[in-house]
Ligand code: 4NP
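Encoded as structure tokens, the following chain is the form predicted alone, with no partner shown.
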Amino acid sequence: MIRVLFVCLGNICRSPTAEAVFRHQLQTQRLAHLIECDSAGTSGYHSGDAPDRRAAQAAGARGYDMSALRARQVSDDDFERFDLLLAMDYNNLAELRSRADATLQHKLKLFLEFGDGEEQEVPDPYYGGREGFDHVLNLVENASIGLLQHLRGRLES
């Protein structure tokens, strides 16, 4: 089993979007029994909250279900439990790096490293309009395809 954790600041917009999109891809490709995913935030501001309604609406319009997701904060155990911890931006990557043991740093990456676009960070759509949430979905869908290809390679080796 390969385990992937998507990480943003509050775990109500970007990382639950990534979790929902990637989980949908795993189910569609019949890989959910081999690859597990979850999401969390580097802060605990929204712990226990459902995803932002705008994120859930944008995801729902594309067929992704976020209704069962609830925000949580990254725990110390996550660094051991997950094989990849994928940050949405440099600030959250830096926070993960500051918390992870030196022997676990190799697990920490930017999520968009798996995409084929020029952007390196998934921008936070929280203070913007609908177009920001659609842009996040575009980036997440693209990077999810690359991530899935990468993980398939790991499963086959």
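Owing to the predicted nature of the structure, the values given are computational and were not obtained by experimental measurement. Numbers for residues come from their place in the sequence shown, where the first is 1.
Just so you know, the form predicted together with this ligand exists too; it's not on screen, but the next bit is about it.
Practice task
Please determine, with the chain shown alone, which of 23 to 31, 56 to 64, 38 to 46, 110 to 118 has non-hydrogen atoms within 4.5 Å of this ligand in the predicted bound form.
Solution key: The contacting stretch here is 38 to 46.
Exercise for the section: Using a 4.5 Å heavy atom cut-off, state whether residue 95 contacts this ligand in the predicted bound form. Expected result: No, residue 95 sits far enough from this ligand in the predicted bound form that none of its heavy atoms falls within 4.5 Å.
Practice task
Mark residue 139 yes when one of its heavy atoms lies within 4.5 Å of a heavy atom of this ligand in the predicted bound form, and no otherwise.
Solution key: Result no; residue 139 lies far from this ligand in the predicted bound form.
Problem - is_contact(residue 18, this ligand) in the predicted bound form, heavy atom dist at most 4.5 Å - result: No, residue 18 sits far enough from this ligand in the predicted bound form that none of its heavy atoms falls within 4.5 Å.
Problem - Contact test in the predicted bound form: residue 147 vs this ligand, heavy atoms, 4.5 Å - result: Taking the distances in the predicted bound form, the answer for residue 147 is no, it never comes within 4.5 Å of this ligand.
Exercise for the section: Just give me the residues of 1 to 31, first to last, that have a heavy atom within 4.5 Å of this ligand in the predicted bound form. Expected result: The stretch 1 to 31, when checked against this ligand in the predicted bound form, contributes 8, 9, 10, 11, 12, 13, 14 at the 4.5 Å heavy-atom cut-off.
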